[in-house]
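This document opens with one chain alone, in structure tokens, the form predicted on its own.
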């Protein structure tokens, strides 16, 4: 479970609020889509959730552990995929995956099983011994996703995870997200691909200028904006003056 309570973060000497008193709860068993225009505060919110940025006020609880007060326990609860895959480029794929598994103390049996399963699903079995720097953006993204998931945490926090993925890899990731939520876990991902959010998500959070202007199901969103047939048209209506 993810609980955000009155999160606020300002930049430029406190004059601009990137995130303004944001509260949101994502329950176990849910896939939540986080959407909004560029610069709306999505990435800042996600960085506060993962402990990369400290909030000016408010709190983040991941399975009940506060990311500020109990950082180690909180960080053990989630997988995080950032919006850039250009990390640890000199390592071979298998070296990187084992490095992450070591950090989270994943047993040899479990890591081998998970790495093999994900490498087959993402079509990376033949390149595990190659350096990450040799790969395209999309292949690097698949490696980062595998690294994030190798310790099998209950919460997934993914920042634009499908950018650069080919259709097969994007389909595989969506399958993994559905399977993870169906097992009673929480998934939150930010995206600009509104069609994916509409089809995949149980819950939508829409942020505009640092403020959460909607959170709920697609049915609830369409009920509030009955003229909008699709998420894309509703999004354009809400954000046209942002």
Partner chain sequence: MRKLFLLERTMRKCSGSMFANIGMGSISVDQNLSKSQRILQYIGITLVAGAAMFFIGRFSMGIFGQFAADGLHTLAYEAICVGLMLICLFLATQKALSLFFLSGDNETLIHMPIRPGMIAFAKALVIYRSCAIATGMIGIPILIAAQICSGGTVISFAAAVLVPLLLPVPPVFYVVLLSIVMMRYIQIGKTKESRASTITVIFMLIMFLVPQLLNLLQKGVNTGGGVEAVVESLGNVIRIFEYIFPTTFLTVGSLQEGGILALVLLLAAILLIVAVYAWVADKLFLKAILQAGHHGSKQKVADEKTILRYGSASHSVKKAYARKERQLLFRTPVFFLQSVLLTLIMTVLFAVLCVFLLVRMMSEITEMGKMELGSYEAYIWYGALGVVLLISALAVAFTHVTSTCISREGKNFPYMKTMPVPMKTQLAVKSRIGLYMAIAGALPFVIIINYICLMLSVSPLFIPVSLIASMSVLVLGNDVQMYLDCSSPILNWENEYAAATNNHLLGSALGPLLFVAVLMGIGAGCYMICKTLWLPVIAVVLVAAVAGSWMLHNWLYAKAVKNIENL
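Numbering follows the first chain given and starts at 1. The shown structure was predicted, so the numbers you read here are calculated from the model rather than taken from an experiment.
Keep in mind that the form predicted together with the partner chain is not shown, yet the notes after this line are about it.
At the 4.5 Å threshold, heavy atoms of residue 156 stay clear of the partner chain in the predicted bound form, well away from it. For the chain shown alone, residue 172 is not a contact residue for the partner chain in the predicted bound form, no non-hydrogen atom being within 4.5 angstroms.
In the predicted bound form, the partner chain sits beyond 4.5 Å of every heavy atom of residue 215.
A residue is said to contact a partner when one of its heavy atoms sits within 4.5 Å of a partner heavy atom; residue 121 fails this definition for the partner chain in the predicted bound form, lying far away. Segments offered: 207-215, 186-194, 48-56, 30-38. Contacting the partner chain in the predicted bound form at heavy atom distances within 4.5 Å is 48-56. Contacts of stretch 103-118 with the partner chain in the predicted bound form, defined by any heavy atom lying within 4.5 Å, are made by 103, 104, 105, 108, 111, 112, 115, 116, listed in sequence order.
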